[in-house]
Structures are given as structure tokens and as C-alpha cells.
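The chain that follows stands alone, in the form predicted on its own, written as C-alpha cells.
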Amino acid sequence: MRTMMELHQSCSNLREYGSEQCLLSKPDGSSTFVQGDTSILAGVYGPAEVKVSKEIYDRATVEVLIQPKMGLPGVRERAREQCVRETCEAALLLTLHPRSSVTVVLQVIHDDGSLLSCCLNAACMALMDAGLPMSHLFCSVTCAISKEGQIITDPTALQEKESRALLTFAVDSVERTVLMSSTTGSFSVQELQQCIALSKKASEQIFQFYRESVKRRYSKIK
């Protein structure tokens, strides 16, 4: 079993990350999020009118679209869209806007690993920029387990390719509970628990970055 000191040291291996909000004029909220060399541009539209076929009488409908860097969206993009949509639905107060739609569009600028995490973090920053009511914020951390059993947080594309398992978690900002998980490969229950603990610990750094980023932005408005 890994000690808390080992977990803390692993958390410090997060790549450098950055974000900028209010980049686009047409969306109600927008942001870019960068993790190492992975970069996502996010736009949020809504609450807006929804098609009758997709209308839900007691809450808003959430749609997520992920556009790859090249080509058309495929099965992987659809799977990631579902993960982002479920996480957004868990955070947004959708009952305040019944019979409407909230659309999140994510454009992949560059993919160098931890793409789903970067999409989730960009989506959260864009939702904040749009001013949509949320019960809590969320962030995401990806863990890769190497063939030797080493856990790597925020892995690069090469590290993902060489790993035997890849686990991505979305964590809420209030109780640090896991909102969503996406896993591939083989791993033990103990390794799963270690990855969850690492992700929760690493989420503290990302939430602190959220706070500092928003604080810097609104301090400039004065």
C-alpha cells in the first residue's frame, strides 16, 4: 500500500496547466484549457431554445459536442461526449431552466495525453464563464498504470500508449466525491483505490487554480 507521502509526491507530477476565459464572442461562455501540450477550446451556448424532440419538461437538456483536431468525430469522441455530459448534468442546476438546452462544444487543439481530463476541465471553466448556476465545480485527473505497476498522474500520449491501464476521474469541489470514471485496461481493486486517492489529492491543486484564475480575471475589471 502506498503511503500518503508517496501519493503527495506523485501529485506533484502534474504537468503545467493554464486557462483563459471569455475568448470567443458568440458563445455565452468560453475558455481554453492547457495541460502540458494538450489543449482544448470550449464554448457554452445557453440556456437556449431546444428542439421539441429533445425537450424535457422539468429541466434543461445538456448536449456535448467534441470536435477532433482533424477529421470527423468517431466512436471515441462519442464516448468522451457522454462522460462530459454526465459530469455537467451532475453539476448544473438544470431544474432552474426547464424546456431549454445547454450546449457545450469542445474543440481539440492538440492531444498529448489526458485528453478527457482536459475536456472536462475546459468545460467547467467555460460553464463558469457563462455564469450558469451550479451546485459545485468539477475537475478531472487521469492516471496511467505502467506495466511495472507505477501510477502516473496526468500522463502524456506516449505514457498512455505504454501503460496497461488508463483511469480518468471527475471530482466535485465540495465533498471531493467521484462524479464520473472512465477506465480501460486491467487493474486491481487496490490500484483503483490508489488512483482515486491520487486524483482527489491532485484535484486540490486544480480547484485552487480555478479560484486563482477567476480571481485574477475579476480583479482586472475593477
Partner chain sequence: MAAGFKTAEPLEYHRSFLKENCRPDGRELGEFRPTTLNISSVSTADGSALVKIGNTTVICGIKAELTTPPSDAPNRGYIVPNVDLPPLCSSKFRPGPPGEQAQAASQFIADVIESSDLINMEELCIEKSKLCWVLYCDIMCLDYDGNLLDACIIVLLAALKNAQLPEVTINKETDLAEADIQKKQPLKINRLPVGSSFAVFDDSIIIVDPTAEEESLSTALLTVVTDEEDRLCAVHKPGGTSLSGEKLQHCINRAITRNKEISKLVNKVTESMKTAK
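A quick note: this is a predicted structure, and the numbers were derived from the prediction, not measured. Positions refer to the first chain, counted from 1.
What comes next is about the form predicted in complex with its partner chain, which is not displayed.
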query: Location of its partner chain contact in the predicted bound form, chosen stretch of 80 to 88, 123 to 131, 94 to 102, 148 to 156 [non-hydrogen atom, 4.5 Å]; finding: 80 to 88
query: Non-hydrogen atom within 4.5 Å of its partner chain in the predicted bound form for each of Leu137, Ala197 and Val214; finding: no
query: 4.5 Å heavy atom contact, Val189 and its partner chain in the predicted bound form; finding: yes
query: Touches its partner chain in the predicted bound form: Ser182 (any heavy atom, 4.5 Å); finding: yes
query: Contact label in the predicted bound form: Val75 to its partner chain, heavy atom within 4.5 Å; finding: yes
query: Contact of Ile56 with its partner chain in the predicted bound form (heavy atom, 4.5 Å); finding: no
